[in-house]
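Subsequent text provides structure tokens for two forms of one protein chain, presented individually as structure 1 and structure 2.
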Structure 1
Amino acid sequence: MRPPSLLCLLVPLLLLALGLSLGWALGDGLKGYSGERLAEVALELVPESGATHPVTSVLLNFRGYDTLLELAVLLTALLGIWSLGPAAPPYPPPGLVLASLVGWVVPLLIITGGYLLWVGAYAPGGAFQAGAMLGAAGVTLTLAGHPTGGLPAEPWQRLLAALGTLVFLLMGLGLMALGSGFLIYPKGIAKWLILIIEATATLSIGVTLIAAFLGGRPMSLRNRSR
């Protein structure tokens, strides 16, 4: 069905007007402002944050709330996907070439994920990149015919998917109970707290991405034996 022609004419014109005003706003925002930017404040505080890479310190320390809620968004999306129905049937088993290629690629992806997690403290990397690597490993396994993309049984999947949000939240509440405020890390142990949060978040993100790719509730053991 074709939309009416008036719409086809009107929409580009309105978009052009929107684009011009947004472009003007962008240019004005970039050159018109001369006061203190947030970047200087953030970069100054990076040495105290427990991670030497600025993006990691912003994500895990200065804007910890954002990252916590982001993990919660991932979890919520997964709950939505699981509540819609069972997963799609698995792909057919692969030929010899694909099977041996997957045998090479998946371990490499997992090692790269671990490296990215560790390097995130002082260079580009971190929990999300590492989680994406784990997700890619699972997607590769799924495409090669593995029924659960390398994920463990259903109860473990639930635990792993919730782990990142849970640990992050408990850490925040624990720090609050110790009197230092929600997600305000004490200076000495900030590095270790961030590492624990990042490691659990990596696992959760990886599991969530794989489960989302499978596209439905994991088949329980009872259903599978039928």
Structure 2
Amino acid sequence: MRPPSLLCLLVPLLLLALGLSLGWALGDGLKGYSGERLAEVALELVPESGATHPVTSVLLNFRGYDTLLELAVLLTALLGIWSLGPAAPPYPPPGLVLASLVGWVVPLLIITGGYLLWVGAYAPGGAFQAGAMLGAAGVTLTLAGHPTGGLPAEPWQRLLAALGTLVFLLMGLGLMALGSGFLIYPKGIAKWLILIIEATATLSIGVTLIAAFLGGRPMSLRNRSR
């Protein structure tokens, strides 16, 4: 039996040291800071954010850069999937029971997504939850044999996948050009600007999740059916 190599011993030790360091940093951050915490500051500024729910305020206003980058990461991941080649063949057509069930489930998922988008301003919800519901609707259609998962033609699919990131970025640049600062929303119209960003992000997230599940570059319905 060969003794373990130095590399096999070094990797677990490094992982253990990293874990201990992160644990120490977390404990020090929770216990060693006696000043005002970011959570308290964020809660005080919620009325000025354009949304009445703290989570939406944080995601779309106080740390909007991070949310923009999350959308960009989703788009980049989808572009990587599309670069791998055509999508897999579609699932076989469903039977009568599954087809009837899909006819009920998919509209409910879409309605739920719309509700989560609207309610996100003042209750738990928002673009990512709503987009996940749209994605679930498309995945359900795909499993039931729909070759495109309910997605539109290729040009529209590409546009919708990039729309959330594009609108988010253009909104920030437009506000900066007007002198307000990048993603610094004017108080009077902050609510509507956030709603526009969330609506377009919902569409992009839903399309991205469905397209990622299909697992390849978009193709026309005729080509997918061959």
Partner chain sequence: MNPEILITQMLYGCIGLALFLLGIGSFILHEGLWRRLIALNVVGSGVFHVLVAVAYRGLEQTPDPIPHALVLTGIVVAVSATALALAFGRHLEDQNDHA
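The term rigid core refers to the maximal set of C-alpha atoms that superpose within 1.5 Å between the two forms. Quick caveat: nothing in here was measured; it's all calculated off a predicted structure. All residue numbers here follow the sequence of structure 1, with the first residue given the number 1.
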- prompt: Looking at both forms of the chain, which one is the form predicted together with the partner chain?
  reply: 1
message: Superposed on the rigid core, does the Cα of Leu26 end up 2 angstroms or more away between the two structures?
response: yes
- request: State the core-superposed CA shift for Leu15 between the two structures, in Å to one decimal.
  value: 7.2
